[in-house]
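One chain is shown next in structure tokens, namely the form predicted alone.
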Amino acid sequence: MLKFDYKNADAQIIGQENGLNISEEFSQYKARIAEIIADLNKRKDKPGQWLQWMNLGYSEETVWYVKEYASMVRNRFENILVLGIGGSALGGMAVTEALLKPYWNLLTPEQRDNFPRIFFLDNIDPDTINGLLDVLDLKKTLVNVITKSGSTAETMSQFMIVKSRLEAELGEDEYRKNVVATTDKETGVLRQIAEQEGYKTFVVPDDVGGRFSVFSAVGLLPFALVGIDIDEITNGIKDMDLALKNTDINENIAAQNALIQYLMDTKKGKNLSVMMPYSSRLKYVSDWYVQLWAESLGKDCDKFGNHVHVGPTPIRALGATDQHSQIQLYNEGPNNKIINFVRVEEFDTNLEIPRIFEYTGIGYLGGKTINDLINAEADSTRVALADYARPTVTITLPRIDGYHVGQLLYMLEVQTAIAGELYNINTFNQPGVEQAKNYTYALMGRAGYEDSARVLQAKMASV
């Protein structure tokens, strides 16, 4: 299981001004945390609660269908192209980057065991889209388009472009074999298109928001297509879910970190939450966390309709890289952050530093390993931040594999849900995102948004 160390957020280490009396806080919030955990688990099966993501680790039917399809298309495609944005892409990017061999797309087919390369188009920059489509052989590419509503302008515009090129290259009938859609079970534009065109489809479950969808077919399908063991991932989730059902905060690491993050924000003014894994393979976990934390907790109103404007701001970082770009600020700048380190005990490989240049000031490195160095960097940075009275917590993975990466992401999801209850906000809506979407529809001429377009044009002219 994962390990969680919070001692460097405690007042005994970093002082009363910036640290928490954590044992006292755990005792004070013990009943409230128990109530939150019990309530989340009680509500997770009720429609409209947006908690179905808590059940995804147990969705054996989805896993079976995904594995069956992945087996059917095995060896048919050289590339997987995932079209999605936000929650439809970030989880997939985080997990594939973590679990596939480094530089997967540069490996030979033999080195990849004949599994395809994988590409994510998660933005609508025209140069990037054109650049990728210029180098991909679409005839040998399976396109997975992901949007629950089917009306996501970014994803559907990408798909319209790719569909037209596929059809031109493969013909009206054959191109369909190169498309698989992940969308709503019954409604939406993409569901309508998929049924009309005859695409293979997978379902984005009801009551699962995009940022919580990584363990649905949204993520499991791309993972299986490139040979990732999705049973290992779901086993990790199930074991972590069992641990996180424990209502005792002293035994529940998601509850512990949720409370620490909440109190650092509300009591100590530390409203910036840095996610800093010490592994390049976990780099995109930070990107995924940024969306999860920002969209879930950044809210105007609380559950009673009061304007509260709450929400810690998440920041992505990478150790040891960002020791050379951000740590100066973290140590000596405003003391308004809590840093979440993610550390790996055992890497897949070892890399020894040669015993050369022994006559110079770098000779001490010879005979050590890069493994030793990166973890020494993590430990020394954590201690140095404590010297500056800067709070940190550390999550440790025994190793980077499907079991533990599944645990990490699920733990962060549960942590987010608990934090939302502490803030007394709706963790699962995103009204601030919808406003910008509506403005985009108006500017692009979507039917029904004519009045909004006129208002928006007037506002733009006056700014």
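Values in this document were obtained by computation on a predicted structure and should not be read as measured data. When you see a residue number, it is the position in the sequence shown, counting from 1.
A second form of this protein, the form predicted in complex with a small molecule, is not displayed here; the remarks below concern that form.
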* Only one of Thr152, Gln158, Ser273, Asn252 comes within 4.5 Å of the small molecule in the model of the complex by heavy atoms, so just point that one out. => Thr152
* Within 4.5 Å of the small molecule in the model of the complex, heavy atoms considered, which of Gln291, Thr141, Asn336, Gln256? -> Gln291
* Asked: If you check in the model of the complex, is Gly87 within 4.5 Å of the small molecule, heavy atoms only?
  -> yes
* the small molecule contact at Gly319 in the model of the complex, heavy atom, 4.5 Å -> no
* Give a yes or no for Lys299: in the model of the complex, does one of its heavy atoms lie within 4.5 Å of a heavy atom belonging to the small molecule? => no
* Counting only non-hydrogen atoms and a 4.5 angstroms cut-off, does Lys30 reach the small molecule in the model of the complex? -> no
* Of the listed stretches (309-317, 95-103, 206-214, 278-286), which one has a non-hydrogen atom within 4.5 Å of the small molecule in the model of the complex? -> 206-214
